[in-house]
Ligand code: SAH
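Take a look at this single chain in structure tokens; it is the form predicted on its own.
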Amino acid sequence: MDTRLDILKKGLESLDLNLSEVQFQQFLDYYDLLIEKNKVMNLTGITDFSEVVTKHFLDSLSLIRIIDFRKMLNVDLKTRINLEINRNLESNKDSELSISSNDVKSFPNKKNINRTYRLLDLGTGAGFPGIPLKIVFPELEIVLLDSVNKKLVFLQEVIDTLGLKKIEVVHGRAEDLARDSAYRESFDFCVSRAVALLSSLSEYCIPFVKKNGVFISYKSGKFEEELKKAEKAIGILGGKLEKVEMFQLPDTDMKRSLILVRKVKNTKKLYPRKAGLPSKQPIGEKPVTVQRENVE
């Protein structure tokens, strides 16, 4: 019988992710905290370990299908330098290589070495996708935003227990926080697995994104009609649809989609509108009753 660690490693290998023992343990500890706290508050309807790995951890990390953080972040610098030098010098692949300042200067992608990337997880809930992304990519700066404070208290406990750095929890509504100069148009990425129509979610998320940054929405396999209705809102808010990545969760028949919107111009000060309006009256649509989508 596979142990929890075996199940976790197998799942992460499906995304070509090879982690340290510390990172594997962080995932196991995160699961334990999630299940324990779920006994007293509603964090997730999924509690089986294998299902949590697939439907929460791997689903969260599927972002790498559309954004290659491994090439962007300094955390992968040693690996990339090793590959480059070994390829050029045909040296022993198993040899240890210490990185010198000369190595860094000669590396072709050195412009990204000191680059800091900031990501907002809007409507983070139990910490998905923000916490899994932080575990795998510790150099990514992450803000976890949610309007339910008790969930953020739980997430702070997770952060402290796992020893995560450069990650903060923020309590508030997107409509209010997006007007704060400390957050508005200050993120390279805004991601959300929150249950909301894409037209509404765009108004919540795009104002946080820098020009040339991206907003990525996690959706089920059925997204076409929702995307079509959201096109006007995306354009008005300063975005442009760049890519849709469709995939299937490993060892399941569950279809998923990642919708990537590029911020091509600044968002008008009018947006987001006051609390409640983005959901009740999405841009370009008649007032609607939000239909909840089961992302679990």
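Residue indices: 1-based, along the sequence shown. Everything numeric in this text was worked out from a predicted model, so none of it was measured.
There is also a form predicted in complex with this ligand; it is not shown, and the following applies to it.
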item	value
Among 221-229, 136-144, 171-179, 157-165, the region lying within 4.5 Å of this ligand in the predicted complex by heavy atom distance	171-179
4.5 Å heavy atom contact with this ligand in the predicted complex for all of 125, 148 and 193	yes
Heavy atom of residue 204 within 4.5 Å of this ligand in the predicted complex	yes
